[in-house]
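Presented as structure tokens, the chain that follows is alone, the form predicted alone.
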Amino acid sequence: MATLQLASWATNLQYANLTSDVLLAANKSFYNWAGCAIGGFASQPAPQIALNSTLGPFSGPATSSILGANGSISHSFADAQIAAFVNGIASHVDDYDDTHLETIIHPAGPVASALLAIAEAYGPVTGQDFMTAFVAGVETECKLGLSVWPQHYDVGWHITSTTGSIGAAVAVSKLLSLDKNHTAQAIGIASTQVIGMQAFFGSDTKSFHIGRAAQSGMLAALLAKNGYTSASDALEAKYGWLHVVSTRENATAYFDQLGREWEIKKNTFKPYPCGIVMHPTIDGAIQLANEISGRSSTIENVKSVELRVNPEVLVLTGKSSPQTGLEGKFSIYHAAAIGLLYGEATPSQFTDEVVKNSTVVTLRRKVNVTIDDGVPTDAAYVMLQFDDGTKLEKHVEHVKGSMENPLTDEELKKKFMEQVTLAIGPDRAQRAYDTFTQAEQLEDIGKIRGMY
């Protein structure tokens, strides 16, 4: 009875059950999400299109904040469903969010976007209660993802949103103190709203998946709270979520680990705002760019760029001729080119302008990709061949941001500050950092938007 097992665990979870390392991981995941949501709102048009399209005369009372909105009060707050939707889109639109590497789930987006909107609308909610619910939602997503991995992803589902709606439902149910049976109904209502396919990677609709997952999970919990019924075996039934979305189902094994093996401790943070399988190539390209700066040969003398990478790289990021910044986030060719030309990969290198830059396009066309099953997903080989016949090569064994080579606290802060400063200025960015990193200590997390 996977559905009831999950609901029972989430209902019984207490703040006291969360060890210091779990809480540390939760806090990092939450403030990294906030930085992405604030920065993402201003950096891409999708979040603002979503807000302008949904905020109107049919909206409910403006109870919840749009984290990155920096204009009028009327566009800084919305009803809880719209806020969850827009913040979810904003947090994912730059592809800069957290990653559970075993499943490639970006867990914070759907869960945090739904939770904060509900905490603002239904508060007061303490930071401790909020973090407990947040952990419950993240563990739900990742355990579900492991249960159906990799077949679920390989067939084309966007696993962040397909698990995200259920994670958001569990988190909001926990925050609203629903009992086991009502939480089980919420899981069912969320599971039937499965959303997200990989065909939309490189478009605005990819981030729509995360916003809708947050919104769907929230709606599921609110409906269940008021007596809306579902199926108590929604996950494990013959025609339930687990069997419909995957040819593999192993929920029992992973749900038995709940509360013992914490997936949130395995959450990682991106150093580059793009598809994570491209990161090792970017690492290698940046290292080579730094090495070239001290040599007589230059990028202009490069005859070809030879990559040897894991097969998933071309499956997920094989766009050879991207035309937009969003498409560039899923182009291994663009990734290699910008790493070599700019010596960095920030949101500024994934714009329409840079994607169409003639120098970038010329170098991109020199990139050749060879796939190799023996290359792990966090590794890559990058080799430059110059016109004079000389070669330079880098082997990235563990990419920056991986479990073996994680971002430091200083690097996480730098990432947060760079994104948020561009959106709301340096003074407010510092206040936002101070506030979100201390969210667990707040008496009412629903007031967090007014603190920066």
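Heads up: residue numbers just count along the shown sequence, starting at 1. Note that the coordinates shown come from a computational prediction; the quantities given were computed from them, not determined experimentally.
This protein has a second form, the form predicted together with another copy of the chain, left out of what is shown; the following refers to that one.
Undergrad: Based on heavy atom distances of 4.5 Å or less, which listed stretch (223-231, 101-109, 333-341, 168-176) is in contact with another copy of the chain in the model of the complex?
TA: Result for this chain: 223-231.
Undergrad: Select from the listed residues Glu306, Asp372, Glu249, Asp204 the one whose heavy atoms reach within 4.5 Å of another copy of the chain in the model of the complex.
TA: Comparing distances to another copy of the chain in the model of the complex, the residue within 4.5 Å is Asp204.
Undergrad: Only one of Leu258, Val361, Ile299, Val245 gets a heavy atom within 4.5 Å of another copy of the chain in the model of the complex. Which one?
TA: By the 4.5 Å heavy-atom cutoff, the listed residue in contact is Val245.
Undergrad: Does the 4.5 Å heavy atom contact test between Gly389 and another copy of the chain in the model of the complex come out positive?
TA: The answer is no: Gly389 has no heavy atom within 4.5 Å of another copy of the chain.
Undergrad: Given that another copy of the chain is not shown alongside this chain, does Ile195 nevertheless sit within 4.5 Å of it in the model of the complex, heavy atom to heavy atom?
TA: Yes, Ile195 sits close enough to another copy of the chain in the model of the complex that at least one of its heavy atoms falls within 4.5 Å.
Undergrad: Is Gly188 part of the interface with another copy of the chain in the model of the complex - any heavy atom within 4.5 Å?
TA: So Gly188 counts as contacting another copy of the chain.
Undergrad: Might Ala69 be said to contact another copy of the chain in the model of the complex, defining contact as any heavy atom within 4.5 Å?
TA: No, Ala69 is distant from the partner.
Undergrad: In the model of the complex, does every one of Pro57, Phe200 and Trp241 come within 4.5 Å of another copy of the chain, counting any heavy atom?
TA: Heavy-atom distance to another copy of the chain in the model of the complex: all three under 4.5 Å.
Undergrad: Heavy atom within 4.5 Å of another copy of the chain in the model of the complex: which residues of 82-108 meet that condition, in order?
TA: In sequence order, Phe85, Ile89 come within 4.5 Å of the partner.
Undergrad: Phe58 and Ser43: their C-alpha distance differs by 3 angstroms or more in the model of the complex. Do they come closer or move farther apart compared with the shown form?
TA: Compared with this form, Phe58 and Ser43 lie closer in the model of the complex.
Undergrad: Note whether the distance between the C-alpha atoms of Gln193 and Ser53 decreases (closer) or increases (farther) in the model of the complex, against the displayed form; the change is 3 Å or more.
TA: Distance between the C-alphas of Gln193 and Ser53: longer in the model of the complex, by 3 Å or more.
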